[in-house]
Every structure is written in structure tokens, then in C-alpha cells.
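We begin with a single chain expressed as C-alpha cells, specifically the form predicted alone.
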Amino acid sequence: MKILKTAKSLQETRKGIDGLVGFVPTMGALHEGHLSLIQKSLKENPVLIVSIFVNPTQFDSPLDLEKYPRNLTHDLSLIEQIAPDAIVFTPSVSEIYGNTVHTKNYAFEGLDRIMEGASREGHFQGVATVVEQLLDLVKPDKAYFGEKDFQQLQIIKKMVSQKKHPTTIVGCPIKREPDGLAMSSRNQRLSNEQRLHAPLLYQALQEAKSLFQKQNATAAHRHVEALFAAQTHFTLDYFSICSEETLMESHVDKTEKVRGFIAAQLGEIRLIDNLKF
């Protein structure tokens, strides 16, 4: 495994690579969800590049950035177990942003102002900024992202299309714990008690899916709102049923490819999930 810390060393290494390159960008705190992206890339490309970079521009709270879990030694060990020939890029903030941390402005036609964007102003502008920078450095043939952040996935696809970037963006299925909780680096911050309550998001999505299919979107919304109103551990941020393609909620019907999206606060930790309806 080759570990690179500078953009210059990455670019020099990249020049010497022949064949397809798969790229898995991460913020570290790796779990089985990340490893599934790595395994997908290994199946489709002879060369794998993984980045580990906690991107400051996508955090709306300095405290959230500070508390984000970091364990580079553990992350590298996990990668080496399944991809011993991987190239791992672990840049500093200054390597990515120079002396001034800044966010570019993208026109996402409202995709960045709904759901996660409504709750976290500037979040997706920060995500797009770092992803564009990493794609320009790595120049991968394919880049792999998990569908747990489905809104992010769609926004990245739009950015790549707008910039006419040659990389193909590949979405990969959500990996879940045995009780249904979507795997996330933030789960590491859950207390034992909170962890017992966390699967409520997936339960709500499953029950909403059933109601949507048997009745309609209104019945699904009412059920989810009542479910969260009846307990004290969570504060529901939003529940939406949207077109997978446009992420728009209005006029959703059962002939479209539809997905349910949910976000809720559990103590200090904000959890999100989604499910194809």
C-alpha cells in the first residue's frame, strides 16, 4: 500500500499509472459501508485510489467538525486488509485549499437547498468543492459513493455533468447493521442507549414505504410524524418522499422511481437514511 500526503506526489504517481483507475473518496472513520465501495472498485478497476480527508467546508458547525471521529491508523489497517496494493491519499487542509479555505459556488437548480441543504446551509457547495478538487487531482475513470447520502450522490452527478468531467460516478447500495441502522461514521458517537433507539429511522422508512404503496404519500407522512411525536429520544428534522431523479417532492406518484428520505436528531448526533419506495 502506498500512502501519499501531497498533491504533487499524487500527481506524479498518477502519471505512471496505466489502466482503469477507481477512486473512493472518504472522510475516514471507515466502516463496512466504505469497504463495500472499495470492493466494488477493486472488481471494476485494476488500480484503486482511496482518499481520507475530513473536509472542513461541508460542516455547518465548527463543533461538529471538531467532534468528527478520526483514526487514520485504523483506517489504513482496514484498507490494507482488503486492498494491499491501494494508493491512499491523506492530504492536509492546506494541500487541498492552500492558505485560504474557501468554497466554490455551483448552480444546482435548488437541489442543494432542500432536505439536507435546508438544514445545513452551504453543505453541498462544500461537498462539491472538495469532490471537484479531488477528481481533478486523481483523474479516476470511476468514483464510488454510497447511496446513504443519496442527495449528495445526485448533486455530485450534476456537478460532474456541468463540469463535463470524464469520471463516471457510481452509486452503491446502503450497508446496514443487522437491526437496519444505516452504517455511518457518526454512529461511533452514539451512546449505548442511543444506539438502541437509532434503528427507528429505518423502521419509519419501512412502514412509510408500506403505507405509500398501499395508500398514498399523505398516509405515509402522517404515520412518520406520529411515530416521532410519540417518543422523546428523537427530534424529526424532515421526512420526504421524492423523485429519485429530481429530488422534488411535489406530484410524486407510484409510476416514478421514488425514494423516502428522513433526518432526525438523536441527542447531539444527526442521523439520516433513505429507502427506495
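Not measured: the values here are computed from a predicted model. Position 1 is the first residue in the sequence shown; the rest follow in order.
Not pictured, yet referred to below: the form predicted in complex with a small molecule.
- When the small molecule is considered in the predicted bound form, only one residue from 155, 138, 130, 143 comes within 4.5 Å through any heavy atom, namely 130.
- Looking at 122-130, 99-107, 74-82, 160-168, the stretch with residues near the small molecule in the predicted bound form, meaning non-hydrogen atoms within 4.5 angstroms, turns out to be 122-130.
- In the predicted bound form, at least one heavy atom of residue 27 sits within 4.5 Å of the small molecule.
- Contact check for residue 149: a heavy atom falls within 4.5 Å of the small molecule in the predicted bound form.
- Residue 55 belongs to the set of residues with a heavy atom inside 4.5 Å of the small molecule in the predicted bound form.
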